[in-house]
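As structure tokens, one chain now follows by itself in the form predicted on its own.
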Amino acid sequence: MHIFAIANQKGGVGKTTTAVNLAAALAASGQRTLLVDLDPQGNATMGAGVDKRSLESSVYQVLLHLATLERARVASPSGKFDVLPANRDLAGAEVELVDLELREMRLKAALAAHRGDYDFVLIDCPPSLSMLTLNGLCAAHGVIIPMQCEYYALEGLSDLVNTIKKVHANLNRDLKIIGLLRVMFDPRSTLSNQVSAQLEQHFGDKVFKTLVPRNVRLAEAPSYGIPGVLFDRAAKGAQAYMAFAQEMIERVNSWKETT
């Protein structure tokens, strides 16, 4: 089971779009996939077609040991993947986790019991370094960082890299940066191309080959509760995420060959 946190401390960079579409694309490629929504807004939950308003239990109950993952997970009606959903209850978890033992390791413990159930677990982290994000980073083997190719994105990236280094040093020795995914990419923009080149120069093969273009169909899909890769398979954005899923599968298989 490969567990990846999808994280970026900057909001609006396509984290949830990446989490939902990568989950659907991996599932469409035959991979057993779980999407964990760690954001109290519950956007990944809704984007996967699950109604966050009618949940009996959610990731909130799992983190507080009030429900098992088995009880809380639901199947995405449109994709062939499972969802550990979130709703507004999760906002309270920040405060409630503070006094609990092994508070950063709650999600890791919940996932460990289901090691044989999934090939991929994707964790959609909130856009802040909170106790919830920390749970995601402590549970993960690696971090996928979606990035827009613009100046401010580079500014925030160094903060995120430092955070990952601290978590690696103090809480999770397995954690590493898996790669940077360039999203909402506009090839006509000089700035986009310059920032993209800078990323490749600085991070080398940590930059995924796949480029996800700015795409209206991807943006429309959540309002229908269907992942973009299934909403309009012919759209450039959908095809990019399908290609990204293949790149992830190949990357994971290459690790197996080297171990």
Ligand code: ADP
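Worth saying up front: this structure is predicted, and the values here are computed from it rather than measured. Residue positions are given as counts along the sequence shown, with the first one as 1.
From this point on, the text means the form predicted together with adenosine-5'-diphosphate (ADP), which you will not see here.
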Considering only heavy atoms, tell me if M184 and adenosine-5'-diphosphate (ADP) come within 4.5 Å of each other in the predicted complex.
yes
Is the gap between N215 and adenosine-5'-diphosphate (ADP) in the predicted complex 4.5 Å or less for some heavy atom pair?
yes
Given that the partner is absent here, does L66 sit within 4.5 Å of adenosine-5'-diphosphate (ADP) in the predicted complex, heavy atoms only?
no
Looking in the predicted complex, any heavy atom of V13 within 4.5 Å of adenosine-5'-diphosphate (ADP)?
yes
For the chain seen here without its partner, which of 206-214, 66-74, 28-36, 52-60 has a heavy atom within 4.5 Å of adenosine-5'-diphosphate (ADP) in the predicted complex?
206-214
Heavy atom within 4.5 Å of adenosine-5'-diphosphate (ADP) in the predicted complex: which residues of 48-68 meet that condition, in order?
none
